[in-house]
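Coming up is one lone chain in structure tokens, specifically the form predicted alone.
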Amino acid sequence: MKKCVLLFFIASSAAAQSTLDSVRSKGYLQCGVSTGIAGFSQPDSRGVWRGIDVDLCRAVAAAVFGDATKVRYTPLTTQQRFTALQSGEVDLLARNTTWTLSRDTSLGLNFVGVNYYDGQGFMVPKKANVRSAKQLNGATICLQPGTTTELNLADYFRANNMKFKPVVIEKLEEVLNAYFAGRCDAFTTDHSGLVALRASRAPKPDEHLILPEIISKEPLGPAVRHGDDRWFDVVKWSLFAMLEAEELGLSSGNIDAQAKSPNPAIQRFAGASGDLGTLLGVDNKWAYQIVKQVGNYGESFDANLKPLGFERGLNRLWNQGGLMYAPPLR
């Protein structure tokens, strides 16, 4: 109880000053990201952060400053991430984090939306000749602490009357080393993480199999501190702008030409009519800047996740059979 009260106090204090004003005063957005998950948030060979979570950070900077480069990144482990947001160390947490009821209500934060619909899975060495999670009874399983992964894993094995031995290691690099060294029969995390980590971290990716079972719902999305509705709105609609842009057919390559269209929806989006930016407390060309400098959601997905073997699946737009849906920008 004392811990919850303390966290609430910290979160309330951090939100005392408007985050939007604080970010503007600093001249940059401090964004909390992962310690390195390919496709979501990871520095490239030149030290430039890339990924769909990184693009969300850049989109918010484009909306606030008209400049997507005004972002600084704070790598956070699964156990550090919520405290960093609560304390004000970061302005935004964009770190492949699952939206759950307990996190949404007890940690002093708000999830702004979903930028990747996911589910937990398992990866095993192919030589183990395991083809289903139902064959993992008695297995030693590597995972990280402080995640929904632990609870989902326990629930799945209990529901299927199976047993397992957890090997819990905080740092991603160390838990992967343990799995690849053969200390565990399987590694479990979000399916997206399995795909990304097999492609980018496995010494021999072809020697590892991702099992077909998805044992949970993992809606991944960015979060902000509770109690600052203006900042909540700015981050939320920055995400929605990337989705709406894809639906409208607006991309970084055609936004300038399309902005001249007589289509009222595009006129509002590009800031040529209406006062959507004023309502958010940013420039009326906020959405135009997001698309021009960062791109739409599909562009971000194709640039960051598609090369790793990801398929759109549930992350297609709603009118293409997926779940991605932005409320009307009007």
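Residue numbers here begin at 1 and follow the sequence given. Keep in mind that this is a model prediction, so the values were computed, not measured.
Although it is not shown, the form predicted in complex with a small molecule is what the next lines describe.
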The small molecule contact at residue 189 in the predicted complex, heavy atom, 4.5 Å:
yes
Might residue 193 be said to contact the small molecule in the predicted complex, defining contact as any heavy atom within 4.5 Å?
yes
Does any heavy atom of residue 42 come within 4.5 Å of a heavy atom of the small molecule in the predicted complex?
no
Are any of the heavy atoms in residue 123 no more than 4.5 Å from a heavy atom of the small molecule in the predicted complex?
no
Tell me, which of 90, 239, 224, 197 has a heavy atom within 4.5 angstroms of the small molecule in the predicted complex?
197
Which pick from 258, 148, 110, 252 sits with a heavy atom within 4.5 Å of the small molecule in the predicted complex?
148
With the small molecule left out here, work out from 230 to 238, 243 to 251, 91 to 99, 159 to 167 which stretch has heavy atoms within 4.5 Å of it in the predicted complex.
91 to 99
Does every residue of 68, 296 and 300 put a non-hydrogen atom within 4.5 angstroms of the small molecule in the predicted complex?
no
